[in-house]
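Let's start with one chain on its own, the form predicted on its own, as structure tokens.
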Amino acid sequence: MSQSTGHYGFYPGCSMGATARSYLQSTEAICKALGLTLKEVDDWNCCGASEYISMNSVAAYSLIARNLSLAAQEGHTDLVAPCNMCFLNLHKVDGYMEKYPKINQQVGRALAAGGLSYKAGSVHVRHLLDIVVEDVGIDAVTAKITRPLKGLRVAPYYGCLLTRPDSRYSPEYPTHLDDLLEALGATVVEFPLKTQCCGGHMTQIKEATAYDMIRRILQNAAEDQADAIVTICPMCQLNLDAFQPQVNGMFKTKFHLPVLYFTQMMGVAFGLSNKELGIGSEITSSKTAFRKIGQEEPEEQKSLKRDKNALPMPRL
């Protein structure tokens, strides 16, 4: 592990206390199983999501940098953000302060007004998926498995925020989540739209556009006979799960794809209870999908397995 004790600073973000409560529950559960300690940053504030930055960038950067300052003040060199938007904002502002002197000065003045300061680069912002795959490692995760996810076909959905060009992930074909799910015993289906945008807050702006964006992702997963979509982002989970009825109504489709967090899939493979993992709180029930664990995969589904040597083009 990058930190030998397995201790990390933790920035939960706003969603994990509300709509993504199951993400927080399952994160706490799998961290306990893996011996990871996430220390929540005291007095953290909202990262501003996407809207605030479009209204007042300096104020937004200052708001975000306050969290970095607090994390550094507490001695955290690695700060874990499970939410893709939170990760992007924290990571971006740290990089902008290091790269652009004017932004660094403006944000520095704002922080100083509140009795704070931040030296760019002193906190390494990381996504929880990165901690699990890179620091804990696939072998250590595999060692905790008591109930392999054999028989379950899953579509790994990264969303568009974690895979922006300045992050460590490929913007076109990331593989960390694929590798993790395969290690848990699941069959990872071909999923060309794994980094396609889910629409974010577009559901509150233009429903027809948002529902079509969601439809494409659901259709892609359904075409490859996925039993569930597995994601790493609260906003993606909410959009793909909560708006399936509206999508079905608008496009006369019959999607019934549960959308779960990767931490929940890990917990199931570790033998943890549904209650511990928040399973059952999703709007599109996962009961049918989880019944397939341990079942032999039909031959017609085996033939649909992802070709690892090919990078398929997205099907829209």
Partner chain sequence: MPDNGAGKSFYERVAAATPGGDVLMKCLQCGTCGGSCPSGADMDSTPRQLFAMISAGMEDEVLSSNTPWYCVSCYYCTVRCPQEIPITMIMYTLKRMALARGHYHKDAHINWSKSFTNFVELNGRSFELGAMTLFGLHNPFAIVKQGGLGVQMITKGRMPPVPERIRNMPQLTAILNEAKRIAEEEEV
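Treat the numbers as computed from the prediction; the structure is a model and nothing was measured. Positions refer to the first chain, counted from 1.
Omitted from view is the form predicted together with the partner chain, to which the following refers.
The contact residue chosen from L90, V189, L128, I103 relative to the partner chain in the predicted bound form is I103, the criterion being a non-hydrogen atom within 4.5 angstroms. Contact annotation for D241: at least one heavy atom lies within 4.5 Å of the partner chain in the predicted bound form. Of the heavy atoms in G35, none are within 4.5 Å of the partner chain in the predicted bound form.
Using a 4.5 angstroms limit between non-hydrogen atoms, R21 touches the partner chain in the predicted bound form. Shown alone here, A222 lies farther than 4.5 Å from the partner chain in the predicted bound form, counting heavy atoms only. Only one of 138-146, 202-210, 118-126, 75-83 lies within 4.5 Å of the partner chain in the predicted bound form by heavy atoms, and it is 202-210. Shown without its partner, the chain has A110, L111, A113, G114, L116 in segment 110-131 as residues with a non-hydrogen atom within 4.5 angstroms of the partner chain in the predicted bound form.
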